[in-house]
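Just one chain is shown here, as structure tokens, and it is the form predicted alone.
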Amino acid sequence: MISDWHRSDTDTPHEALRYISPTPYARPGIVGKSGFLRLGFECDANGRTILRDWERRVPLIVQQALYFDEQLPDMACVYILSSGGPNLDGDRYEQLFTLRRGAMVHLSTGAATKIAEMRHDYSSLRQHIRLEEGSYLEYLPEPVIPCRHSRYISDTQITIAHSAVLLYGEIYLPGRRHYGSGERFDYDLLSVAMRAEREGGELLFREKFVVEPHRHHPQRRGAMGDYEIFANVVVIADEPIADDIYNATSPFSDHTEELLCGITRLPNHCGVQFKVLGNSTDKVKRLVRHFASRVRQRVKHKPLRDDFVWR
């Protein structure tokens, strides 16, 4: 059932309260301002993952599941598209993904998520990802680009069975790096939260970071330093898988390539977290995909295919 986004605004995090104001040209909740996407995946009689049911509301679009990955031909590959251009003032998006027993899905976006300059309100994305026993999800969207004076809130809730595996990677750029004289960390607010729990409600972990560059600039010692791009990859898996991934991944700092990465264990023995800092979008994306390939190799015994040359 499609959520009532007007009601959900009462859950606005405190860091965004100062930005709530009526949007004079299109209020939140009307058609085109409240995107909704629900995807349900399951295995058919032959073991292939199919997109069994879906519901969508513009501007979010999904056309069909594709099967282009020769390494895992039964994996459903789905791209989330938007017909509305960048996220604007007052946009409210909600996404619900369910992988039923044994389903195997690669999920991404068709292009980077651009958060447009704002004068009123903020834009938000709420997600609920549910993985049943034996399911496997690779969720690797294209980067988020917050433009000057934009405000963006992302809140992801995960419910995952013990034998399921989730690989979820996000990349955040500092802004439109090649726009005019450059636009780096000129946005007002970036608030990103993630919470994971078992099917019975047992909390696994919660992470939240809030970036307000005009109050505390992220390019300072102890934060991002001289780096501009941040990638955050979460792998939720049982302990043997998590241990193998952790032991196979070495943190490093490469000043020539302007890359820095590290790995840590998640609480409650539920997985690992891989973080990357860099100054080149392509290099950060390649490093994230290299790590994602290592995860898939451990879980499915197949590497991640090369990304399309145009992405």
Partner chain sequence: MRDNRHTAAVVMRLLQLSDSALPIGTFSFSNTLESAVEWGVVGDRESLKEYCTEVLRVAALSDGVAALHALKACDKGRYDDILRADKLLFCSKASGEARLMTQRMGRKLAELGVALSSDATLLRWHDDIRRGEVAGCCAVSQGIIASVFGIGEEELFASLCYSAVMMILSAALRSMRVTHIATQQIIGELCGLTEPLLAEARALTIEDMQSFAPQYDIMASLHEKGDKRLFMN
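Residue numbers count along the first chain shown, from 1. Computed from a prediction, not measured in an experiment: that's the story for all the values here.
The same protein has a further form, the form predicted in complex with its partner chain, not shown here; the description that follows concerns it.
**Student:** Assess the spot marked by Ser108, Ala112 and Arg184: is its partner chain within 4.5 Å of a heavy atom from every one of these residues in the predicted bound form?
**Tutor:** Verified in the predicted bound form; spot residues all out of contact, no.
**Student:** Taking 4.5 angstroms as the cut-off for heavy atoms, does Thr256 touch its partner chain in the predicted bound form?
**Tutor:** Judged by the heavy-atom cut-off of 4.5 Å, Thr256 is well away from its partner chain in the predicted bound form.
**Student:** Within 4.5 Å, heavy atoms only: does Arg220 come near its partner chain in the predicted bound form?
**Tutor:** Answer yes; at least one heavy atom of Arg220 falls within 4.5 Å of its partner chain in the predicted bound form.
**Student:** At 4.5 Å between heavy atoms, is Ala161 in contact with its partner chain in the predicted bound form?
**Tutor:** Flag for Ala161 set to no.
**Student:** Taking any heavy atom pair closer than or equal to 4.5 Å as contact, tell me whether Tyr246 reaches its partner chain in the predicted bound form.
**Tutor:** Output for Tyr246 is yes: heavy atoms within 4.5 Å of its partner chain.
**Student:** Exactly one stretch in 208-216, 141-149, 93-101, 113-121 has heavy atoms within 4.5 Å of its partner chain in the predicted bound form; which is it?
**Tutor:** Of the stretches listed, the one contacting the partner is 208-216.
**Student:** Go through 229-263 residue by residue and record those having a heavy atom within 4.5 Å of its partner chain in the predicted bound form; state none if no residue qualifies.
**Tutor:** Sequence-ordered list: Phe230, Tyr246, Asn247, Thr249, Pro251, Phe252, Ser253, His255, Leu260, Cys261, Gly262, Ile263.
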